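One chain comes next, on its own, written as structure tokens: the form predicted alone.
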């Protein structure tokens, strides 16, 4: 039986990040459970600003390896309660997200199908407020159970307190470095409603009213596999940049020069532009700089063809930012966390 907490030294970085960037972590604390997490000797380790919290390493680019890291690996699941058509499921932070979505769909607990195959862990999901194909985590997230890095104290935060927005949360801003995410609580439904407001998914399921959540799950898997590389074969972190939000006037001005501009009006009056379209129109889809490149099937995905360093990948990403800014006057922000 594994110890609940184990400290390892001189740990290879490559297996711990989906970009496949090489390096070495001086000290890695693995957390298989939070039993015994009140040990005072842990807190100096966790309070160190050079200590990185790792999940699946699927949203990270290492320009430099971290000196210290803590990896949340516990993956339990438990039903907190059931009421009417809803099930409240508590999931350990180390649970792999793709496995969780598939299992919930099989068990008839719905709401996650459109988020199929997003790499990473359950604990990382609220940090980014992950989203895909017309659904965001905030729609099903009930609460986040965290541990304070300074004291080990457990705190249950309602989803409404976490500042979840487009690929953002307070865990990325004012709470950065304050908490470890122990688990999340999801409110899932037994009612098989399918959300098909995303064009590509609706096209993949032409008999929309007859589609089941399982149909949606399988369609999302097919679409993602057709556009994105398998990290086991080609290193990547999925979409590298956020889709930029711009004023409606900016989108209107761009559309005059680019009638095929891909843009989505938002409830707050702004417009979300498709970052992949912007990069593609700069002629950068399939670009390669040594072993760093953009994926031929989706310009938004930056890849490592084998031997690229984190610095080389970051240099390519900055080249993409400069090209989009020069052509469209739009700033692309990384969705991926860049660790220097």
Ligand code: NAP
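Quick caveat: nothing in here was measured; it's all calculated off a predicted structure. Numbering follows the first chain given and starts at 1.
Although it is not shown, the form predicted together with the named molecule is what the next lines describe.
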Heavy atom within 4.5 Å of the named molecule in the predicted complex, from candidates 42, 282, 274, 287, belongs to 274
Of the options 187, 195, 74, 227, which one has a non-hydrogen atom that comes within 4.5 Å of the named molecule in the predicted complex?
-> 227
Looking at 250-258, 104-112, 227-235, 203-211, which lies within 4.5 angstroms of the named molecule in the predicted complex, counting heavy atoms?
-> 227-235
Taking 4.5 angstroms as the cut-off for heavy atoms, does residue 152 touch the named molecule in the predicted complex?
-> no
Give a yes/no on whether residue 217 approaches the named molecule to within 4.5 Å in the predicted complex, heavy atoms considered.
-> no
At the 4.5 Å heavy atom threshold, is residue 33 in contact with the named molecule in the predicted complex?
-> no
State yes or no: in the predicted complex, is some non-hydrogen atom of residue 132 no more than 4.5 angstroms from a non-hydrogen atom of the named molecule?
-> yes
Triplet 128, 239 and 243 all within 4.5 Å of the named molecule in the predicted complex via a heavy atom | yes
Sequence-ordered residues of 318-340 touching the named molecule in the predicted complex, heavy atom within 4.5 Å | 335
